[in-house]
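Below you'll find only one chain, the form predicted on its own, shown as structure tokens.
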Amino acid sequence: MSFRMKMNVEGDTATIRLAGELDGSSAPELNELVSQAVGRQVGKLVLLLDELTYMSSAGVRCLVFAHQKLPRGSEITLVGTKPEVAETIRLTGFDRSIVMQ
């Protein structure tokens, strides 16, 4: 399955919808979009993951990249995370640094 994403910024919140598989080949695209969001000085990043079917370790590194790039005190929220994607995030322990709904 191909990877697709779309970002919407309203106020200080950037919402990015991800679909398909987030792996080493698609991770740079997400990092670029996160950089664009940071450039717009957002304080909250919401990732809609209900259509994301797979996340590799490269995808987790994207989350870490976002966490490092956003201003201190910013929040990253994952919405609609499928169990297999959530398990990948939990195995790294990064779930303690973000909000998973």
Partner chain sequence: MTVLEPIDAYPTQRIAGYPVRAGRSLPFGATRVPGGVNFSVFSNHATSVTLVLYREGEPEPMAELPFPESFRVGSVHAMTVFGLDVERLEYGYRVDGPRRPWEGHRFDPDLVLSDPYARMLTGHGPYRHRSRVTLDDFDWEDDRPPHLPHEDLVIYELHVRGFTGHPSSGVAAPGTYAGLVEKIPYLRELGVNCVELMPVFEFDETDNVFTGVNYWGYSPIGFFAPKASYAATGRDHMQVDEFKHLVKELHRAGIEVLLDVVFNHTAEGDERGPVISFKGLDNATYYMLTPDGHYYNFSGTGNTLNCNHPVVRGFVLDCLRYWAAECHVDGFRFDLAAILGRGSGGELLHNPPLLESLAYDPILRDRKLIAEAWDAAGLYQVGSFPHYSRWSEWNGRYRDTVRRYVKGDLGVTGELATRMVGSPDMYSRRGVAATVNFVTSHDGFTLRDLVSYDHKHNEANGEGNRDGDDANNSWNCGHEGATDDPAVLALRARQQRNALLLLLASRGVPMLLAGDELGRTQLGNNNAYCHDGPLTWLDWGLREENADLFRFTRRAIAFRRAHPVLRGGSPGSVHWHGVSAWSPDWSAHSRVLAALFDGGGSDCVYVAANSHWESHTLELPPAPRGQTWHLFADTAAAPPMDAFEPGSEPPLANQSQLSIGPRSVAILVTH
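Positions refer to the first chain, counted from 1. Note that the structure is a prediction, hence the values are computed from the model and not measured.
Separately, the form predicted in complex with its partner chain exists; it is not shown, and the next lines address it.
### Query
Would Q41 count as a contact of its partner chain in the model of the complex, using a 4.5 angstroms cut-off between non-hydrogen atoms?
Residue-level check for Q41: no, no contact with its partner chain.
### Query
Are any of the heavy atoms in S97 no more than 4.5 Å from a heavy atom of its partner chain in the model of the complex?
Yes - in the model of the complex, heavy atoms of S97 and its partner chain come within 4.5 Å of each other.
### Query
Heavy atoms within 4.5 Å of its partner chain in the model of the complex: does A58 have any?
Yes, A58 is a contact residue.
### Query
Contact between R17 and its partner chain in the model of the complex at 4.5 Å, heavy atoms?
Taking the distances in the model of the complex, the answer for R17 is no, it never comes within 4.5 Å of its partner chain.
#### Entry: Sequence-ordered residues of 68-101 touching its partner chain in the model of the complex, heavy atom within 4.5 Å
Q68, T88, R90, L91, T92, G93, F94, R96, S97, in sequence order.
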